[in-house]
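Below: one protein chain in two forms, given as structure tokens, structure 1 then structure 2.
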Structure 1
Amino acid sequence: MSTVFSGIQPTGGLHLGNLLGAVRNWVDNQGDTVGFFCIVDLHALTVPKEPGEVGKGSIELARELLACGLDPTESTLFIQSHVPEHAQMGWLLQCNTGFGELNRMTQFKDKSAKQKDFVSSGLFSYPSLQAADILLYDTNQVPVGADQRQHIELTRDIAVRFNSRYGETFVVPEAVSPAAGARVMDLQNPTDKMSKSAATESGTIYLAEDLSKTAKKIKRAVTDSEVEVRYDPEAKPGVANLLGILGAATDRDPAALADEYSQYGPLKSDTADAVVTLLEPIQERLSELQQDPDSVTAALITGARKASTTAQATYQRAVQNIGLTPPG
């Protein structure tokens, strides 16, 4: 089976875009792939955080991922800092990454421009740590959106360079596109992806928010001044977003769904109902896990142990191939 790696930062709760674009695919593919799913708390430190903020967010994120259906007996769910080889391998790969390569990363340019007072060196070099995250697990496939493809290409370049310098060490991974329906847009700004960092929460649906609030957000979603319902992301991004969400929530084709509507009101109402139906069992499971924190802790301990087995072997292979002096 193919090995799949995905990482997610513990910065705010999961939203509908995370669920439909990534997490649901992780859950559906359990048993068909070897899945490593990492809460990348070290990456969250690339921008200033309050003491304890990242730790609390990591536990909340783990709880939400488990509530969505990640099974710790079938997948490996763990926190990045619980496996020291991530940081250790990150340094080895940073030493095999060019300054110019990092300087070309568009995400660094975008994020650093928003941080006027302090830009950490970690924000600049974190693609090397991201490469370590992926390469530690002999990953074959990395599901990513368009905004992360540049980083996966860099990971591939680093792996090929390391293998050329020190001998065959890493599997060279491939970026794979998520399944259709994965691109969920902001309900108020449908040309932008749904995001935790949006200027307002009115366009973002959080998995743990009150479901009556969820329904209201969808019913207030931006459409356009026309009346025709059709799936056209370029000309009608708001309507296409609603159709895409409805299609993803009901496993139907968005373009085919458009033929069933002649007005925006019923489309919004049906989309709200479908999303509420999708989120209800997740919220029920989330409530159960909130009452049983030990089960979340146990799942993370199990995941870290499983991840460490593979990560330690890969790290030792890299160290041996470089020719560092072994301890003892």
Structure 2
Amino acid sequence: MSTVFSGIQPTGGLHLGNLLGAVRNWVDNQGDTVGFFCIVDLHALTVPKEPGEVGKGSIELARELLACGLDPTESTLFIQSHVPEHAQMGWLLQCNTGFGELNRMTQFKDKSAKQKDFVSSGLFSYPSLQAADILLYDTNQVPVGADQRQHIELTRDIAVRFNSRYGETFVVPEAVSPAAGARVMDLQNPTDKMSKSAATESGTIYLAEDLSKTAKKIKRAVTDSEVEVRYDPEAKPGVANLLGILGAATDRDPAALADEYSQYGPLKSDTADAVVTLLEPIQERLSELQQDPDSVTAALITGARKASTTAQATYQRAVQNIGLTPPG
């Protein structure tokens, strides 16, 4: 069975982009793969946070991921800081990552531009920690949205470089993204990706929000002044985004769906219905889990234990291959 690893930051609630771009893939492949899914709390510290904020967000995110269908008996769900080898391996890999390579990362450029007062060096070296996350688990596939593919490419380069410097240590992973939904755009600014840090709330659909609000956001989505329904992300980003969301939610090809619509109104209401249908069962499970906080904690404890076994073995292999002096 191939091994799958992916991570997500505990910053704000899960949104539709996270679900369609990544989390749905994680859930759908359970049972056929060995899955490690990590709440990357250390990554969240790369931008300033209030005391306690990241810890609370991590538990909420765990609950949401379980509600989306991650099954702790099939997959390993854990919090990054519970497995210290992530930070330790992160350092080893930082020393095998080029400054120039990090300087080319578009996520760093975007995020550092938003930080007016303080840009941490952690934000810059973040992709080396992400590489550590992935390489610790001998990962074959990394299911991510399109915005993370550059980081996975860098992870591959780091793995190849380390293997050639120190001998065969890491499996070289590959990124996988869904055909539809790999890049869900903001409903109000369809040339920006949907994100938690969007300018307005109305462009982002949160998994836990009131579903009448969800439907309204989709019906008010920005389109264009034409009337033709056509899948053209360059020329018609708003319409293409709706077709992409509808395609992802109903497992259809967005371009083929375009042929079934001649007006924006029906496209919007079908998209709203499809998203509501997708989110309803998730919200039901979410409210069940809210009544059962112990099951969330138990999943995270078991997850950290399982993840540690693999992470410790890989970390030891890396240290041995580098040839650091063993203790004792």
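Take the two forms, superpose them, and find the largest set of C-alpha atoms that agree within 1.5 Å; that set is the rigid core. Since the structure is predicted, the reported quantities are computational estimates derived from the model, not experimental observations. Residues are numbered by position in structure 1's sequence, first residue being 1.
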When you get a sec, tell me if the form predicted alone is 1 or 2. 1
Classify Arg149 as shifted (yes) or not shifted (no) between structures 1 and 2, where shifted means its C-alpha moves by 2 Å or more with the rigid core superposed. yes
I want to check Asn189: does it shift between structures 1 and 2 by 2 Å or more at the Cα, with the core superposed? no
Fitting the rigid core first, would the Cα of Asp110 be found 2 Å or more away between structures 1 and 2? yes
Could you tell me how many Å the Cα atom of Gly100 shifts between structures 1 and 2 when the rigid core is held superposed? 4.2
Rigid-core fit: what Cα movement does Val319 have between structures 1 and 2, in Å to one decimal? 2.5
